[in-house]
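Before any questions on how it binds or moves, here is one chain, the form predicted alone, in C-alpha cells.
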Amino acid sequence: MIAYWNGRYLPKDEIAVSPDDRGFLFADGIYDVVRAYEGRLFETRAHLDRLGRGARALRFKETDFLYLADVAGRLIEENKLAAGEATVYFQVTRGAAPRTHCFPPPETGLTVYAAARPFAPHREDIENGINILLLSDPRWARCDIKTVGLTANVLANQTARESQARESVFVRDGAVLEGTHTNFFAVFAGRVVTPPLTNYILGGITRRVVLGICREHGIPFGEEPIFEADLERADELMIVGTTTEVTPVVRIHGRPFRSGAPGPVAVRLQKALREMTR
C-alpha cells in the first residue's frame, strides 16, 4: 500500500516513525478518518476542518490541512480503491524532537501521515442492531479534541468485545455521552435526541449529517442531555459514526431493548444516509 508521509508518497512498509516523535512519546497528536464510497470521499472538508480545530486547540504551528483532501484522493487512486468502500486515515503530531514536556523548538516540523485501506462495513449490525455496554467515563476533560490518546477508549471497546457487545457508551454523572468511536442518539415519542456538544463529546461529522437529515425530512429533533434513567422510556436507541453510519441498539448489557429489533426512525435515517453516500 502507498501512504503519505511528510509530503512524500511511499510504500507503507518503508515509513519509519522517529522514537523522538511526540505522538509516540506523549500521544501529542490528532487524527481523523474519512469514508470513501466507490471512490467518492464523503464530507472530507468537514473532517479536515475538525483536524484543524484540533490543531488549534493543541496549539500546533500549522492548523490548515485542507490540502489533505487532494492527498486522500491520490491515495484512493494509487491504491486502486475506487471500487467498493474504503477509509482514509490522517494523523498529525507535533513532530520529532528531544523528549521534554514543553513544546519543542519552533522550527520543529509537524509529522503528517495519511493512509487508505479497504473497508468492509458491518452490514449485519446496521441491519439487525447491536448490543452495547454502558460504562462509567474515565476519560480526560477534552474529549472534544480528536487526539490519538485513546487508551480509555481502547479499554472500553475491548471490554465490550469481551462481553459480546459491539460498543461501549460512556456515562458521566448519570448522563449518557458517547461511544468509544461513535455518537449516541435516542428517540423519545418520535423525536430524535442526541446529547449537546460539550468538552466531553466529540463533534461527530456523521452526527451533524444525521441532524441535517432530520431537519430536511421534517423529523423532530433536539440536542439535549440524555440521562441513563431516561433510557427506559426511549422508543429507540442508536449509535452514529463514520464507520458505523446509523446502527440501531437492540440490546444493552445483553438484555433486549424494546422489541429487540431496529425501530422505524433508525431505518428511515439509514435510508436517507445511504442515499447521500451512494
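A residue's number is simply how far along the shown sequence it sits, counting from 1. Note that this is a predicted model, so its numbers are computed, not measured.
This next part talks about the form predicted together with a small molecule, which is not shown.
Peer 1: May I ask whether Arg139, Asn153 and Glu178 each come within 4.5 Å of the small molecule in the predicted bound form, counting any non-hydrogen atom?
Peer 2: Yes, the whole candidate spot contacts the small molecule.
Peer 1: How about Gly204: is it within 4.5 Å of the small molecule in the predicted bound form, going by heavy atoms?
Peer 2: Residue-level check for Gly204: yes, a contact with the small molecule.
Peer 1: Taking 4.5 angstroms as the cut-off for heavy atoms, does Gly52 touch the small molecule in the predicted bound form?
Peer 2: Answer no; every heavy atom of Gly52 is more than 4.5 Å from the small molecule in the predicted bound form.
Peer 1: Is Val240 one of the residues lying within 4.5 Å of the small molecule in the predicted bound form, judged by heavy atom distances?
Peer 2: Result yes; Val240 sits at the interface with the small molecule in the predicted bound form.
Peer 1: I'd like to know if Asn183 sits close to the small molecule in the predicted bound form, meaning any non-hydrogen atom pair within 4.5 angstroms.
Peer 2: Residue-level check for Asn183: yes, a contact with the small molecule.
Peer 1: Only one of Ala69, Ala27, Leu231, Val33 comes within 4.5 Å of the small molecule in the predicted bound form by heavy atoms, so just point that one out.
Peer 2: It is Val33 that has a heavy atom within 4.5 Å of the partner.
Peer 1: In the predicted bound form, which of 70 to 78, 196 to 204, 101 to 109, 121 to 129 comes within 4.5 Å of the small molecule (heavy atoms)?
Peer 2: Result for this chain: 196 to 204.
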